[in-house]
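Only one chain is given next, in structure tokens, and it is the form predicted on its own.
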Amino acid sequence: MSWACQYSIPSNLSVGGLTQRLQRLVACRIDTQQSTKRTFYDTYDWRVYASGHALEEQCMNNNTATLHLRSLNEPNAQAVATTSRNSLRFLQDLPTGAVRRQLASIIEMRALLPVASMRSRMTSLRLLDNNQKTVAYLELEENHMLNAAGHTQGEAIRRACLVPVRGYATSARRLSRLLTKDLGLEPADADPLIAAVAASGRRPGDYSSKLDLHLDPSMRADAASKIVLRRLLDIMQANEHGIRNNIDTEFLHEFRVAVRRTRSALMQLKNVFPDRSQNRYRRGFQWLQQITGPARDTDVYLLKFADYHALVAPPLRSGLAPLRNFLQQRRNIQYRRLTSGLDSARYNKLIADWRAFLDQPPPKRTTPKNATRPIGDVANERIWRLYRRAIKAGRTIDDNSPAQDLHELRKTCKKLRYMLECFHSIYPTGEIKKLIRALKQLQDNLGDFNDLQVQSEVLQQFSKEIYAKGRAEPETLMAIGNLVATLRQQRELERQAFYGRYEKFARPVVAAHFRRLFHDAAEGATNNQAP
């Protein structure tokens, strides 16, 4: 079946009226009738929709519900699960089966949130041929949208879906023509999800943390930079409510990524904004990164806990339970502190002043020497400089280099990545993606090495704190010790893998791409400015 079989029913025609008119034209009988509450779920960043699926819960008048995960392109291809009502939030809340397996790689750690709800009267008609054989089903819906309080709002949305029976495609096509030409039905949106979300004033995919901007390389650097920074501020503020309400860990993660990108841009875009403003906001966002760090760090430990459990020798695994309890209690405390920080006058003033600064149009005359230069030229210079710094630093690392050297290279790579991502739209899409992909492979290695280094040290400290509070049995200390030893082994494997990752990033073909896109363009701009 294709989505050409979806129809909208005119507002002046009820489902009952359509059924009566249809019965005069073709043999049919009512197969089933039922009323249900339908709720559509997705993550805050629309991961289910982006994967080409819709997730719908249908609740009857009992304590159970059916959960339907269907393809947006092939609605008959769907997995169904039975679950308890009002229990749908995280992957682990779902019963084992096809729905959970398919969602696992889609939503990962994100919470499922209701994006639209409606009450539906659903009628299924069986369409028959002259021999009284079923050739198709016509599913009729009368949907009343529900607001946040559960009350109906707006006009009813009526839809029809023609479902052909295998082997009766010709009959189905004839019925499709009858529905459109004789009964006045029109092709509808691909899925009820689209209409339901639209009725709530939203659209699928209306939030993303991606920097989908379209900058002109000839724009003034200060004007272009403000566009990027304003988008980052929008992302931060869009994630505030998820942090305050502790919905899932990705709200804080995306908030912090936007903060880090902001800090990086303020550091790298030198002489674009007045020094006084630049220094003030650099300090402000440094503070913001500091107050959000502890909560995020604990989130990471809890997200990795299943991996930690698997890394510990089986006889010792039960000893990790006190560590999990310790981390959960620590997280609760840190989120309360974080929420207090977000409620503080300092935070509100920082965000309000920053928004006002970004909304100010660039002055015609300004003292920073890079403010009025084309953003393409400024970005080229900074990206090329960061790339050369990364190549030089990586070349000096050997087996005797301290971990700090790899950490510094990691920070340089992160700054380079942020610059590439923030200003990707002024470069050819295909080429910039290749460079980001090449950089990411090295960055992942450096990030894993750093994480393993920090985690092994911090987990040791945690074991001391647990012991000092009298919550650690010998099994717990042994389990954490075993885990730390394993993490250190993995850290050394990542260190040895560094050389291959670095050589791959530093290879001539990647260097040529960086040189052509950034160095040669920067040189050309300088020559054009020369008298």
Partner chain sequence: MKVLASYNIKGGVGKTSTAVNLGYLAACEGARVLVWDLDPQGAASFYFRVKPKIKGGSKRLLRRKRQLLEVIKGTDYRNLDLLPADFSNRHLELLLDHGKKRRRGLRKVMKPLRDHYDYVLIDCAPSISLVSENVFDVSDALLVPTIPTTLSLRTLNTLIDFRLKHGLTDVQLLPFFSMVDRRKNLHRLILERPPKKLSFMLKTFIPFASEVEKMGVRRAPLATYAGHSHAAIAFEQLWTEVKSCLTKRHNKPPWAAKSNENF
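Positions refer to the first chain, counted from 1. Note that the structure is a prediction, hence the values are computed from the model and not measured. Here, rigid core means the biggest group of C-alpha atoms that superpose within 1.5 Å across both forms.
Note that the form predicted in complex with the partner chain isn't included here; everything after this is about it.
Taken together, the three residues Q360, W384 and R395 lack any non-hydrogen atom within 4.5 angstroms of the partner chain in the predicted bound form. In the predicted bound form, the partner chain lies within 4.5 Å of some heavy atom of R101.
Residue contact check for R437: none of its heavy atoms lie within 4.5 Å of the partner chain in the predicted bound form. Shown alone here, Q132 lies within 4.5 Å of the partner chain in the predicted bound form, counting heavy atoms only.
At least one heavy atom of G167 is located within 4.5 Å of the partner chain in the predicted bound form. Between 123 to 131, 230 to 238, 280 to 288, 342 to 350, the stretch whose residues reach within 4.5 angstroms of the partner chain in the predicted bound form through a non-hydrogen atom is 123 to 131. For the options L113, V80, A321, I333, the residue carrying a heavy atom within 4.5 angstroms of the partner chain in the predicted bound form is V80. Listed residues Y418, F251, Y137, Y301 were compared with the partner chain in the predicted bound form; Y137 is the one with a heavy atom within 4.5 Å.
In the core-superposed comparison between this form and the one not shown, the C-alpha atom of D129 has shifted by at least 2 angstroms. When two forms of a protein are overlaid on their rigid core, residues whose CA moves 2 Å or more are considered shifted, and S35 is not one of them between this form and the one not shown. Once the cores line up, the CA of E139 ends up 2 angstroms or more apart between this form and the one not shown.
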